[in-house]
Each structure stands twice: as C-alpha cells, then as structure tokens.
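Taking the form predicted on its own, here's one chain by itself in structure tokens.
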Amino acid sequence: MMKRMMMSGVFALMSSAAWAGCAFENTVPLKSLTAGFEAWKSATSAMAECGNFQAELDQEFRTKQAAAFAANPSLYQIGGVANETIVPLLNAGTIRPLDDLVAKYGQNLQPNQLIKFDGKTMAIAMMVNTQHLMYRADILKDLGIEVPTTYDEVLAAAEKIKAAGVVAYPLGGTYKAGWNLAEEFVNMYLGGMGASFTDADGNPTVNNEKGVKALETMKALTAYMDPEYLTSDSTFVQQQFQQGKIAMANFWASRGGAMDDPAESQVVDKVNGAVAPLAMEGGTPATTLWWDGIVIAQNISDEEADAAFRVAMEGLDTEMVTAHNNDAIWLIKGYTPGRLAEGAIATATHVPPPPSYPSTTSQGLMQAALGNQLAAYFTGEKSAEETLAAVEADYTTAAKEAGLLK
C-alpha cells in the first residue's frame, strides 16, 4: 500500500482550480498538535489563514498526544500522526472516523490519502516519507567517490572523506537515545536485514545474528559521526548538512527541502538524494516507508469536528502544495517531484521495496523497548547480545501487560 501511495502521490496531476487563501471564515476556536518539520509548518500555516486556529509544532509531540487527546474535552481538535503514532490513539478510541466528513468536505482528496482501519477512514494522509541517502554531490565528485549503494560502500566513502578533511564529520545520523536510535535499528533490522521482531506466537526475536549485525553496522557508522551522536535528532542532522559539517546521512526525505533554503543553508544545490543503502546483498534498502497526516479528536463536539476537518482540508490543498512544493513528497493534488525527492522515490520503488513501518500495537511496544535499551550498547555499558536480551525482556513485560502475551 505504501508503495502505491508513493507512486500515486508523486505523479498526481495539477488541480485545475484553487482558492486564494481560505475559502471560508472559521469561527470555532481550534488547536492542533503536530510534529515541527517543514511540511507541518506549511500545512498549519495554511490552516491558520481560516482564522481562530492555533498550531503547536513540537518534534516531541508523540510524548504528549495520547494524554492530550484522552482528556475530555480533548486539548486539541486536530492531530498530526504517522504510521506509528496513530496506533495509541486508535487503541484508546480518542480519534473519530472521518467518512462522514470526507463525504462532506473531502471532494478534492485522492483515494490513497484515506487511511483506513477496519474499513473506516481514521486519518487523512498528506505526504509520504522515508529515510534515504542524502549526500554532498560536490564532495563526492571532487574526491572521485561513486554514490554508495551499500553500507560497506558508505563506510569506505566515509574513510576517504575523513582522510580528505573536507568536512568536520563524514557522516550524520539520527542516533539520539530513545525513539530516534530505535528507528535507526528498525531501519537496519527490519528494512535492511529483512528480519522479524516477533515470532508467530508474538514472542520477541531480536537477540540473534541479524540483530547483532544490525547493531555492529550502526556502531561502525558512528566512528565517522560527531562524538555526541546520542543527542543527534533530525533537526541536529539537518543543521549539520546546512552548515556544511557533514557529507552524508541516511536521512528523512521531509528534511530535504531545507537544504536548498537560502535563508538558512550554506549548501544550496549541493545536496542530492539516492536510494537508502543496502545492508546485505540482494536485500531491500535499509529503511522503512511512512505516511504523515491528520486525525480529528473524538472528545470534542460535532461542531468542532466539522470545523476542524474543514480547516484541515484548507491546509492540505493544492494552493498550499503549489506554494511549498519542495517541503515534502506530497500526496495532495498539484505536487511536482523535485530534485530532492528523487532519492526517496527511488527508495520506495526499489525492487524489492523496503517495508512500511508496521502500524501495530506490538511494534509500538518494540519501538519503546529498543528506545529504552539500545543506548547501553553504544556507550559500551553492554554487549550487543546483552543489549538485545534486555530489549526482549523489556518487550515481553510490556506485551504481557498489554495482553499480547500470556
């Protein structure tokens, strides 16, 4: 499904008409809680044109969203979610089905924007996202380095870049302890190694040869990163690129447009994208495919829900995309793929393609266990096997509490 979303989105035709600003004046006070990267800034700015709207942009939104939407009334009417972050809201029943609102106001939505669970539309996707290889094209060309296609080649290229001394650090990575580090492991283990996190009975299966190999590969990459990599999140890596401090990173496509922003980037037109590196011969790119979009809270009045959805549609329209084309790989009518989208598209259409990040309760628990335990390996506190054993123990406890394991 994610591959179809990606392909349909990037080749969408331009809409023949668009409203100037907002098509109506909103009189209902509304608030949203979303991530804070460029695509959300653009979408929520367009929503704000309707009036009576306040956007909270926070990269740590996932730590606040469940409690905020569980409040009655909900603290926000609109939420920004992705594959993973929608699951707790679904499980708690704090977001509402949208089919009636789609019928009323969603005439410009494309079918692949309708995210369904148990036959009900629970979210509206606005974009697809993935981590893929972003690199300084000028540096690789000057040093005679071919664009790496495997992690062995990434390491070899990093060694040459280090020897040349042209940047502070050859590599960047979203290795911040917690969710980010866990996602890097997911990319390497699930995407790159094609391994499973659980067996047929739901028991954890990460403490194995592939799990150790994934950690060892990740650790090898850190030798070419800023020594403070365990504090490095997406904004940190984006700034490293923009300030000319790094040459390569397996990085989010949603951050690509910022590389060409002359107001804050010193590397305009110098960063390109390519397929996420392979972790093993014949495997899939070592990444996962994601979507981002909006949900509407359950614990609000129908009047608020109606206004919230209508405002959200104004923020996810062709006019917004036309003005902010390069901020994301949009699924909205009017998107035209640019240079910085090429790597993400090539990653999604690779044969075989990388997997979509699983929208399941068990994966959410695994992500949390990984986030809690992986840093111990990178600090030298535990071996790879000890770390992965701790992940399995952590997951097992959580899965039993959630009723997934006996």
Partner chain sequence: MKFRTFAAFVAPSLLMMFVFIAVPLVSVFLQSFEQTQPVVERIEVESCTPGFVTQNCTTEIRTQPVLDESGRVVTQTVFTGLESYRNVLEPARAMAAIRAGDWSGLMAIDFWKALRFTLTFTLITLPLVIGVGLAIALAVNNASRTIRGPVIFVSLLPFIITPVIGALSIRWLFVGDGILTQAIEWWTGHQVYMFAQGWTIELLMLFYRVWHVAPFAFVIFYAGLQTVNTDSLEAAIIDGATRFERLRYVIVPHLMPLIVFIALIHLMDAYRVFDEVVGFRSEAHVISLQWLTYHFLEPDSTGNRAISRASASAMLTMIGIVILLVPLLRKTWRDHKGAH
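Just so we're clear, the structure is a prediction, and the values are computed from it rather than from any experiment. In this text, the rigid core denotes the largest set of C-alpha atoms whose superposition between the two forms falls within 1.5 Å. Residue numbers count along the first chain shown, from 1.
Here the subject shifts to the form predicted together with its partner chain, a form of this protein not shown in this document.
Screening D302, D142, E228, E281 for any heavy atom within 4.5 Å of its partner chain in the predicted complex leaves a single hit, E228. The putative spot formed by V166, Y224 and R339 is not touched by its partner chain in the predicted complex; no residue has a non-hydrogen atom within 4.5 angstroms of it. In summary, the region of this chain contacting its partner chain in the predicted complex, judged by heavy atoms within 4.5 Å and restricted to 23-31, 36-44, 369-377, 50-58, corresponds to 369-377. Although the partner is absent here, P148 lies well away from its partner chain in the predicted complex, with no heavy atom inside 4.5 Å. Not displayed here, its partner chain is kept clear of Y105 by more than 4.5 Å at the level of heavy atoms in the predicted complex.
Residue contact with its partner chain in the predicted complex: S383 places no heavy atom within 4.5 Å of it.
Remark: S74 does not count among the residues lining its partner chain in the predicted complex, judged by a heavy atom distance of 4.5 Å or less. Along 348-366, these residues reach a heavy atom to within 4.5 Å of its partner chain in the predicted complex: A348, T349, S356, S359, T360, T361, G364, L365. Superposition of the core reveals a Cα shift of less than 2 Å for R339 between this form and the one not shown. Core-superposed comparison between this form and the one not shown: CA of T231 displaced by less than 2 Å. Taking the rigid core as fixed, one finds a CA shift for R62 of 2 Å or more between this form and the one not shown.
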